[in-house]
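In C-alpha cells, the next block holds one chain alone, the form predicted alone.
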Amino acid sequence: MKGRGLRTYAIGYLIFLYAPIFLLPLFAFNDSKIIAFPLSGFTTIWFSEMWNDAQMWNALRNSLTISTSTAVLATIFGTLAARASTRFEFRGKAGALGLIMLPLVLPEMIVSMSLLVVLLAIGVPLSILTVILGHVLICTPFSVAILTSAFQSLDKSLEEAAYDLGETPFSTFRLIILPLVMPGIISSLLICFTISLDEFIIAYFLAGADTVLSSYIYSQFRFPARVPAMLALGTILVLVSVVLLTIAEYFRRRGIAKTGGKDTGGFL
C-alpha cells in the first residue's frame, strides 16, 4: 500500500512538472493567437515569424557567446578543482570545496543582486562579460560534481606506472589522465552550456543594455500577439536542451565505463 502511494505521488509530481512542457508544441503549432483550448488547427506560421525576427537572432548570438564562454571557463575551473580534490590532501580542502559548491544552494536572486552590487561598486559596466562571470559562478559547481566523479573512478596505478616509466606529472596528466576523463569533460561542457543558455535571473540583472535570449523571451510575453512565436522558440529550445543533456549523459556514462568506475546515478 505504501509503495503504491509513493508511486502515485511520483507520477502525479512528474505530470505536474512536465505537463506545461508538453503543452508548448501544441500551442506552437496552433492556428490561433489565443493560448487556450480547443485548438483551432495546424500551422507553422509562428515558426516563420520567429525565424524572421532580427532581434531574436541578435539575442541568440549574445546567448551563444555567453554560453560557449561559460562552458569552457567553468569546465577549466571544474577540472582543476576536481583534480585537486581527488588527488591531493591539503589544509582547508573541505572548506574550499564547500565555497565552490555554495552557489548550488544559494538562491539565484541573492547571487544576482550580490553580483550587481559588487560590480557597480567597483565600477565594472554591465555587459555580456558580466553575465559570463555570473554564469561561470553558478556553472562551476556542476562541472566540479561531474568531473569529480570522473577523476575518482581513475585507477591510480596507471599514474604511478607512468611515473615509474619516467613521465613527468604534466605529461602524465596530458597523455594518460586527460584522455580517460575526456568524456566527463565533454559532459561538463554540454551541461554548463545548457544551463547558461537557459538561465534567466543572472542574465536579467547583469546584461545591462545587451539583450540575451532568456530576457528577450521574457520581454516578449508582455505582448499577446508575440506569445505564439515565443512558444515556437520555446519548443525548439526544449528540444535542443533535451538533445544536449542526452549527449552529456551518454559521455558521462561512457567515461565511467572507460575508467572502470561505478555509476551512482546521473542526469537521465
Partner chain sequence: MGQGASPGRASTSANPGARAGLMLISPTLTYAVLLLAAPLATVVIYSLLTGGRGQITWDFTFANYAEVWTGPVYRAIMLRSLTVALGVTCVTVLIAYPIAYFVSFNVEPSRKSLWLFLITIPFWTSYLIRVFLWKVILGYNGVVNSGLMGLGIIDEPLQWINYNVGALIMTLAHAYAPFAILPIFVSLEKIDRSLLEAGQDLGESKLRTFWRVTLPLSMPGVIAAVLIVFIPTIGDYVTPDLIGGGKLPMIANMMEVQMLKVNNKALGSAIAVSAMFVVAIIAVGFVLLNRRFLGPQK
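What you see is a predicted model, and the numbers here were worked out from it, not measured in a lab. Positions refer to the first chain, counted from 1.
Below, we refer to the form predicted in complex with its partner chain, which is not included among the displayed structures.
Asker: Does residue 128 make contact with its partner chain in the predicted complex, using a 4.5 Å heavy atom cut-off?
Answerer: The answer is no: residue 128 has no heavy atom within 4.5 Å of its partner chain.
Asker: With a 4.5 Å heavy atom cut-off, would you call residue 115 a contact of its partner chain in the predicted complex?
Answerer: Heavy-atom contact with its partner chain at 4.5 Å: present for residue 115.
Asker: So in the predicted complex, does residue 149 come within 4.5 Å of its partner chain, heavy atom to heavy atom?
Answerer: Residue 149: no contact with its partner chain in the predicted complex.
Asker: Is there a non-hydrogen atom of residue 174 within 4.5 angstroms of a non-hydrogen atom of its partner chain in the predicted complex?
Answerer: No.
Asker: Taking 4.5 Å between heavy atoms as the contact cutoff, choose which of 72, 178, 80, 145 touches its partner chain in the predicted complex.
Answerer: Selected residue: 80.
Asker: With its partner chain taken in the predicted complex, which residues across 182-200 come within 4.5 angstroms through any non-hydrogen atom?
Answerer: Contacting residues: 191, 194, 195, 198, 200.
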